[in-house]
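To begin, one chain is listed below as structure tokens, in the form predicted alone.
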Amino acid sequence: MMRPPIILLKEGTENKQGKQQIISNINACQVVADSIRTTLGPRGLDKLIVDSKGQTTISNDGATILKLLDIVFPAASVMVDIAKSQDAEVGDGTTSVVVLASEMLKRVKPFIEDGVHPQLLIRSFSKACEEALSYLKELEIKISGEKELREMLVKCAATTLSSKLVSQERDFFANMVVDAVNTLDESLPLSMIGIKKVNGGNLNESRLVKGVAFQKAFSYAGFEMQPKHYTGVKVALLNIELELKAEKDNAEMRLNTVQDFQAVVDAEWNILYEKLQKIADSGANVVLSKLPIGDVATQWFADRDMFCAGRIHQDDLDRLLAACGGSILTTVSQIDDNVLGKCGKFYEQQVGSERYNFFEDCSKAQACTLLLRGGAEQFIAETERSLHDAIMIVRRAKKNDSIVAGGGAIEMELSKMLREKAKSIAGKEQFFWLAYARSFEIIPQQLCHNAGLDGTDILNKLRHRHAQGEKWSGIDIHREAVGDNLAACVWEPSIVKRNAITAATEALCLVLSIDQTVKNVRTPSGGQMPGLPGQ
């Protein structure tokens, strides 16, 4: 008697499993890596991406590109996740981590096709990863001394910026980024570094302001009469509307005499004047509000030699609050000297076609603002992303003051050490270790390919140098030759490499452990809100 078939999943559900599914996932991850492979290194090319709204982005930052790509293949989203985690954790090495993970998957693919169980590979690769990280710990160089530490931070920032659009000005921006991070307090909060973009001028006109700077807000008549320069500043930060409110359309008021009407009008004016008087009595000489400050209040402050600005962005107010102290007030009934922010100097200055307000020598926390200049809007946006990476690297390097040589040097040395270790392992596991060791060579190989150099020739020279014990030999892209990258100051914080190796190995293990993908059938409305009746 025939048994009836058991229908477990809804009709139309996609269900793929087995060895073929693992290979399909590996192929998808490699396609993702191929889309950003050419952006690696100083000679890496840029990608132009137009999103669904027609917004254009030009970038060679791996994480930025992968965030903008609308990847729908389920397993391939792992690559996007490791790029995002690398960006959030250390800020740089996002392309390296994806390229490394892709190469590991490529080396593993023949073993899967030959019928090796994925768990054997996962176990071997996890052990090899631990071994690589312990070798990395032995190789990293600690930096001590104030002057040496600053030099190290500048070189790490310059190495990061060498692969960006601003590579021609990397020394200028590296020093600026290090100065910016050094102005912060011990916890190095990223939110205390503001980046403002001003179109026009050239990159060299960009500057660091040791304080808070933001664009001049919309202002009413009377603003030009206000002073634009103060020392010993007391700042009132408000979340109050200082202007006369229009009557509501449907409001009704029954008045018998003209005096009654005048009393109502006077009451409204008096409420506003009382608020303004309390602010003036508190000793504040700069008044900033998130909400509008009207023309009457602007003129009133101008008559008393006070500066005011309304419609200030929340993030600018937050930085000013953290930098100058005080508190953001929603009422002025109890305003006094204790709730005012304090800073040494305030002035207004023209930057390009815009006017900016500057607050310097802030009393409480240390904050700074980077004013970026440049021609095209996309170019300034990419400069901002590049500086964000450099700031993250300098913050990480400051907390973990150990470095390794970049330019493929550390990868070749780890590859050599893992190969030597593999020779001492018996059985087929030796092949898995060798595959893991070989995958590190993709970084120098890709650097050569992107620079138009002969990858095979340079890789052979690197293997020869490392076999002779020259552990910091790497590619000097600018000389188009092999050299000592530690002496050439191509330095990277060791945490970038540690994070990249860990993330790439975890992604590899995750992709290998997926042997079945079940994709449920979409609802008739496509997961969107159902249409209204009659649609």
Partner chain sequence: MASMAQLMFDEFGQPFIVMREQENQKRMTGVEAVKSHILAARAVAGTLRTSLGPRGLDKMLVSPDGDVTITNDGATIMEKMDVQHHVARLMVELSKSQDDEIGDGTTGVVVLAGALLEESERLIDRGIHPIKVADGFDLACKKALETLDAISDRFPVEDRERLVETAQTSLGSKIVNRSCRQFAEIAVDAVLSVADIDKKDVNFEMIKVEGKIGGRLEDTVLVKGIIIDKTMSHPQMPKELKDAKVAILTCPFEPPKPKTKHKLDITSTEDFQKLREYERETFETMIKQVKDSGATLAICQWGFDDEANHLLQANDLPAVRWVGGPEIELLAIATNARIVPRFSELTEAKLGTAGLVREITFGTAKDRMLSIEQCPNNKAVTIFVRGGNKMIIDEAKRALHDALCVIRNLVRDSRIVYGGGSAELACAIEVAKEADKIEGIEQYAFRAFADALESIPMALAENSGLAQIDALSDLKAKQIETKNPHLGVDAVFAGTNDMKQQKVIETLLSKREQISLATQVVRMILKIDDVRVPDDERSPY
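All values derive from a computational prediction rather than experimental measurement. Residue numbers count along the first chain shown, from 1.
One more form of this protein, predicted together with the partner chain, exists but is not displayed; see below.
Relative to the partner chain in the predicted complex, residues S85, K106 and G455 are all farther than 4.5 Å at every heavy atom. Among Q168, T231, Q119, T330, the residue placing a heavy atom within 4.5 Å of the partner chain in the predicted complex is Q168. With the partner omitted from this view, the residue of K216, K345, R123, R438 that lies near the partner chain in the predicted complex is K216 [heavy atom within 4.5 Å]. Of the heavy atoms in E470, none are within 4.5 Å of the partner chain in the predicted complex. The closest heavy atom approach of M225 to the partner chain in the predicted complex falls within 4.5 Å. When contacts are judged by a 4.5 Å heavy atom cut-off, S163 counts as touching the partner chain in the predicted complex. Mapping the unseen interface onto this chain, L244 counts among the residues with a heavy atom inside 4.5 Å of the partner chain in the predicted complex.
Stretch 36 to 44 is the contacting one of 489 to 497, 36 to 44, 462 to 470, 504 to 512, since its residues have non-hydrogen atoms within 4.5 Å of the partner chain in the predicted complex. Contacts to the partner chain in the predicted complex (heavy atom within 4.5 Å) from stretch 45 to 83: L45, D46, K47, L48, I49, V50, D51, S52, G54, T56, I58, N60, L69, D70, I71, V72, F73, A76.
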